[in-house]
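Listed next as structure tokens is one chain, alone, in the form predicted alone.
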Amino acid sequence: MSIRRLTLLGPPGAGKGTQAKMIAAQNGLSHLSTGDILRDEVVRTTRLGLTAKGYMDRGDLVPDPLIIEMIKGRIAGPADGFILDGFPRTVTQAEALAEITALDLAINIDLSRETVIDRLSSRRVCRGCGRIYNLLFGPPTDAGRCDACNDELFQRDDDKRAVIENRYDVYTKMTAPLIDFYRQRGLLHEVDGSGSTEAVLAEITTALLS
């Protein structure tokens, strides 16, 4: 595969994380998820985590300088290629990324506002092992309990409806302009995110091989 440096764009709930993990595993790429990295920073109560937590709880974007500082060191590591999940989220971040490294492709997974709200408000996370369920598409066998460890499932603060609505509105205002940014540079490929996980993966895989 000639494409070794790519990013996934799309609103929250578009399945970027799921797709990124599968693509990374299939193609030997490093999966760099800003969401996972930020949550890890929060859990470890680092300087970045403590600063970022307030923004994340409200569904707002973490300021560009903090994200750029964090991602720069991570990108410097993977010699065999990477897939970015959740970065860049603003044109400013995209311009900063272009100064760090050149991307081969930007894939936009498109999804409507109402579908985003339905998907994310149905998400639950296990307190014990961290496994993620969706009450619409992949509910647990025993309601409220994890199939893997039987611990309690909970709804993250950033998966509550009011926060999701704000997250989508922030995305529309701040992140959607990235679509034009990468289209103008001939790097954009668009995918319909309303299909099944398998259908979306198939379309992305085709784009990587083209």
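Residues carry their position along the shown sequence, with the first being 1. Predicted model, so just to flag it, every value in this text is computed and none were measured.
One more form of this protein, predicted together with a small molecule, exists but is not displayed; see below.
A heavy atom within 4.5 Å of the small molecule in the predicted complex is found for one listed residue only; from R183, R145, H31, R156, this is R156. Taking the partner from the other structure, the small molecule in the predicted complex has no heavy atom within 4.5 Å of any heavy atom of G49.
Contact check for K160: no non-hydrogen atom falls within 4.5 Å of the small molecule in the predicted complex. Mapping the unseen interface onto this chain, R89 counts among the residues with a heavy atom inside 4.5 Å of the small molecule in the predicted complex. When the small molecule is considered in the predicted complex, D151 lies well away from it, no heavy atom lying within 4.5 Å. Contact check for G73, A96 and E99: none of the three has a heavy atom within 4.5 Å of the small molecule in the predicted complex.
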